[in-house]
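One chain follows as structure tokens, the form predicted on its own.
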Amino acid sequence: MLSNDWIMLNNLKIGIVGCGHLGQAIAHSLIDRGLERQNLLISYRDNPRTYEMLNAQGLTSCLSTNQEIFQEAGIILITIKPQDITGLINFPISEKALVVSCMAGVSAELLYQILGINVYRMMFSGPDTIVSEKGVAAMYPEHEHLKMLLRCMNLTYIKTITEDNLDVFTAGVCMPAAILTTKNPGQQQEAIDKIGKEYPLFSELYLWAIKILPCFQNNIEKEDYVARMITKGGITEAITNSLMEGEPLDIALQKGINQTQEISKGIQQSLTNHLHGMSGIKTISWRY
């Protein structure tokens, strides 16, 4: 029997704009746990490989246009690459929709400028942890419907006080790869205690990472697992490179935060330049 959360969620349509690895993991989790297929709307950029993966998961019946998603869905999750957000400038969006950005590096204020509405931000741990129901998520600001969504996906909600904490969270969910890469496992707790004084979220995420680490038959399996979590120029790469150079975990995590902020600055500058080059776009303070 479905819970009250699922009954309420199935009275809404859930839209996912962009169905890469993260979007597919969210869609897979929602359908597997009780969302009716007719209540899921997803879009993608006509990549044949993406279509093959969606077809393998039985999700092609949920395919919709962005126009349909923004007009029909009650909760809309934007999971596209940050640099693609400019394609949504001046997009008509239903006043009843709760729009959520799952993109790292794009601030709520900038999202307001692009979409013309208040946008919530929500960050997730890796797609594999979402599908296995071992994941965590953070949001800013809080919204009860988004907490309900996370409960339905059986994900753990990590409370963040400020939007800046999302940078800490983004670095923190790289912790499984960091733990597996560190050359001084006996010093991990000391490092976490040290950096946790400034960033308490790391202490919470360290306990989560320890709990969800998979078991490996050999080092090759472990190295393959870590490699799948790394993207060129990304946060996980910054952290694991630091650890492989022999630096302690606290220093590596700080470099992860720094990389998150550098990526954020680059994205925001690029988008700001794009916006300033367009007519009719004004700088408006994000507000609730």
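Numbers follow the displayed sequence, beginning with 1. Rigid core here is just the name for the largest C-alpha set that superposes within 1.5 Å across the two forms. Bear in mind the structure is a predicted one, so any value in this text is a computation, not a measurement.
Form predicted together with a small molecule: not shown, discussed below.
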property: Residue among Asn66, Gln254, Ser29, Thr240 with a heavy atom within 4.5 Å of the small molecule in the predicted bound form; result: Asn66
property: Contact residue in the predicted bound form, chosen from Arg33, Arg37, Arg45, Lys222 - any heavy atom within 4.5 Å of the small molecule; result: Arg45
property: Exercise: Pro127 in contact with the small molecule in the predicted bound form, heavy atom 4.5 Å; result: yes
property: Close approach of Leu271 to the small molecule in the predicted bound form, 4.5 Å, heavy atom; result: no
property: Interface membership of Thr231, the small molecule in the predicted bound form, 4.5 Å heavy atom rule; result: yes
property: Cys19: touches the small molecule in the predicted bound form, heavy atom cutoff 4.5 angstroms; result: yes
property: Segment assignment from 142 to 150, 157 to 165, 83 to 91, 207 to 215: heavy atom within 4.5 Å of the small molecule in the predicted bound form; result: 83 to 91
property: Per-residue C-alpha change between the shown form and the other one, Val106, threshold 2 Å, rigid core fit; result: no
property: Residue shift check between the shown form and the other one, rigid core fit, Glu52 Cα at least 2 Å; result: no
property: After fitting the core, Ile267 CA displacement of 2 Å or more between the shown form and the other one; result: yes
